[in-house]
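Presented as structure tokens, the chain that follows is alone, the form predicted alone.
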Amino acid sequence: MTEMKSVTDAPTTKAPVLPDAQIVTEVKHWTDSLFSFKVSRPASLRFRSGEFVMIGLLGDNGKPLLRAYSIASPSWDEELEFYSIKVQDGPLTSKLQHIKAGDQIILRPKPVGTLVHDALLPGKRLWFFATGTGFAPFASLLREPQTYEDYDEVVITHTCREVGELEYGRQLIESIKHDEMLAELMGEGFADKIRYYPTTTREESPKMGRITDLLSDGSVFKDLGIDPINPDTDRGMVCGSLAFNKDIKEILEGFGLEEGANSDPKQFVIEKAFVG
């Protein structure tokens, strides 16, 4: 794991020259394989917390190279934050990982996605299931006032291979609990609703194991001291690899929950388009 580095000195007068260009304002490298960055927000962009947009750079052929990235910042933020893996031979991330403050990226301001409150029926407890950079949309939703208005309890599970890969989520949740502006925006005590459940599958940590196994054997409920998932009260959002999404889907359906969509709200939803 590399030492986390932050770059924030972004020029504010650099004129966009790329199509749909936005200026990078901050970059943080969390590990050798993970980084986050913030960019300026188009004045016309409106999105629901949990949605994603297409972002990218110009490819070697001069044409835009774009991928779907969940917006990690909440809908009310003045900047847009993204959380990404680094793939050394990846067409986009091999280049994107080298951006710095003041650079430009392409951002298509047409947000879409299923990880939104509108796609769920009313409930009492909301589950966020994430692996790797699948934490990104939940970083947005954890800072969204509606999350705490609609639910009595919010359980965020995050499974990674190594401890360092959990750091982005850990620091974000810790900052939420001590953010006076968020408390003013969402009401005192809102952070008490958050139940954070990080696990690792490779490096030793306080809680080892895949969340799918820990759900199946009931460890999650025992560890958190809560009742098992119930379709009458529990709602879920899922963001991870294709295999993870499939496994969680089967588990949630085993608890009696049904998959929903923007046009047909149900008890859980899955995001199928994200990098990582």
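Quick caveat: nothing in here was measured; it's all calculated off a predicted structure. From 1 onward, residues are counted along the sequence shown.
One more form of this protein, predicted in complex with adenosine-2'-5'-diphosphate, exists but is not displayed; see below.
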Region of this chain that lies against adenosine-2'-5'-diphosphate in the predicted bound form, out of 115 to 123, 173 to 181, 139 to 147, 197 to 205 [heavy atom, 4.5 Å]: 197 to 205
Although adenosine-2'-5'-diphosphate is absent from this view, report whether Thr212 comes within 4.5 Å of it in the predicted bound form, heavy atoms only. yes
Counting only non-hydrogen atoms and a 4.5 angstroms cut-off, does Thr157 reach adenosine-2'-5'-diphosphate in the predicted bound form? no
Quick one: does Asp247 come within 4.5 Å of adenosine-2'-5'-diphosphate in the predicted bound form, counting heavy atoms only? yes
Using a 4.5 Å heavy atom cut-off, state whether Ser84 contacts adenosine-2'-5'-diphosphate in the predicted bound form. no
Pick out the residues of 217 to 245 whose heavy atoms come within 4.5 Å of adenosine-2'-5'-diphosphate in the predicted bound form. Ser241, Ala243, Phe244
